[in-house]
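First, one chain by itself: the form predicted alone, in structure tokens.
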């Protein structure tokens, strides 16, 4: 066992994956990963080419083009840096290049705000990237390795964000156990089926096209790959568990859900706090459980319906916000409500927003459950959306 920050754990995964090309441009928390990788390469721990870009846009372009010619690549960013790279991020998915990137979730973008928020990553929910979401440094390491396995599978061939909550995971040291030699064979060298290489004959990637040619078909091909990724994700985590001895459920992690009347639904670093709150409330006789999404894309809609349709009330711990959206809630909340629209028994769903990077506490999470319980007992909510950490009156 080692004591590593999240950035160090991710860098260790990149080393284990024997990545060929790393694209770099400093922005917290990705800077920490860059520094760790640069030191590893300097110390001779592994060999890779680090290319320092002049911006986030160029950084993702470097990863895209390196992947196109057959390299295994790593890149990362956060906040407005990710948004600046949006053009390259878009084309990477439509060209079906299996780039793996760190999304170090960070607030958008009061200048200097380094707090954690999900909006920077959820902006890319519709871009054709797979998105997995780690809850701690250990899972960030494991999830990065599995990301390469899934993205490079010929049934998928799509890029993937490994989303890691900034500061709360990336900058906090915690126990991490790296995989040993049993991981060998889990991630064979990347052999692209269609590399941009004269030896393989003429290949066209990221071509300019007229809408009447292949626009809809190109999107449908990506759509089919996202759908196929579900079975590949399940296979990869099953194989990872056999080799490494750490087993994960592929899409949803649950706690105390067997007889739960109320559920806390969330993602990421604060899941442990949510489980702590549920444990304490269980000791007081409340039937409260926790559900955590491990993947945002593909979205585990059917699994959520099967798990939550018997629950009476849901408290969503939401670190995103969608201005002007239905009922003025977060993107996380709105997608959960959309998924449960097809449930036979629809639970009451309340959104608790933790935006702008301000740190929440277990007190806020406990209050969220108590508000949800009162709404269930009344049979209707007073409001659908709450801002627990807001100073002053909610208007």
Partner chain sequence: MSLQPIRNPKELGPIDYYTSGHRTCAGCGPAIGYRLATKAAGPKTVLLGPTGCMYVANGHQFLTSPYAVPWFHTQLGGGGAAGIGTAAAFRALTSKGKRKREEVNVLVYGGDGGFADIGYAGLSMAMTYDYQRLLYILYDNESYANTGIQASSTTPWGATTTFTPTGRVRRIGNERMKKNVALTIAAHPGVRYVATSALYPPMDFVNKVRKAFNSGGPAFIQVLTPCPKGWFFDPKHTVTLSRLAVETGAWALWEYEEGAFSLTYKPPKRRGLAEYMRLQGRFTHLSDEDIERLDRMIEEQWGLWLESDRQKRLILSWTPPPTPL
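As the structure is a prediction and not an experimental result, all values here were calculated from the model. Positions refer to the first chain, counted from 1.
Keep in mind that the form predicted together with its partner chain is not shown, yet the notes after this line are about it.
Residue 70 is the only one of 360, 356, 26, 70 with a heavy atom lying within 4.5 Å of its partner chain in the predicted complex.
Checked against its partner chain in the predicted complex, the candidates 305, 155, 205, 230 yield a single residue with a heavy atom inside 4.5 Å, and that residue is 205. Proximity to its partner chain in the predicted complex holds for none of 172, 322 and 342, with the criterion being a heavy atom within 4.5 Å. Contact with its partner chain, judged by heavy atoms within 4.5 Å in the predicted complex, is confined among 193 to 201, 251 to 259, 269 to 277, 144 to 152 to 193 to 201.
Its partner chain is not drawn, but in the predicted complex it has no heavy atom within 4.5 Å of residue 13. At a distance threshold of 4.5 angstroms between non-hydrogen atoms, residue 348 is out of contact with its partner chain in the predicted complex.
Though the partner is left out of this view, residue 21 does reach within 4.5 Å of its partner chain in the predicted complex, counting heavy atoms only. A residue is said to contact a partner when one of its heavy atoms sits within 4.5 Å of a partner heavy atom; residue 366 fails this definition for its partner chain in the predicted complex, lying far away. Taking its partner chain as it sits in the predicted complex, the stretch 59 to 83 comes within 4.5 angstroms of it through a non-hydrogen atom at 61, 62, 64, 65, 66, 68, 69, 70, 71.
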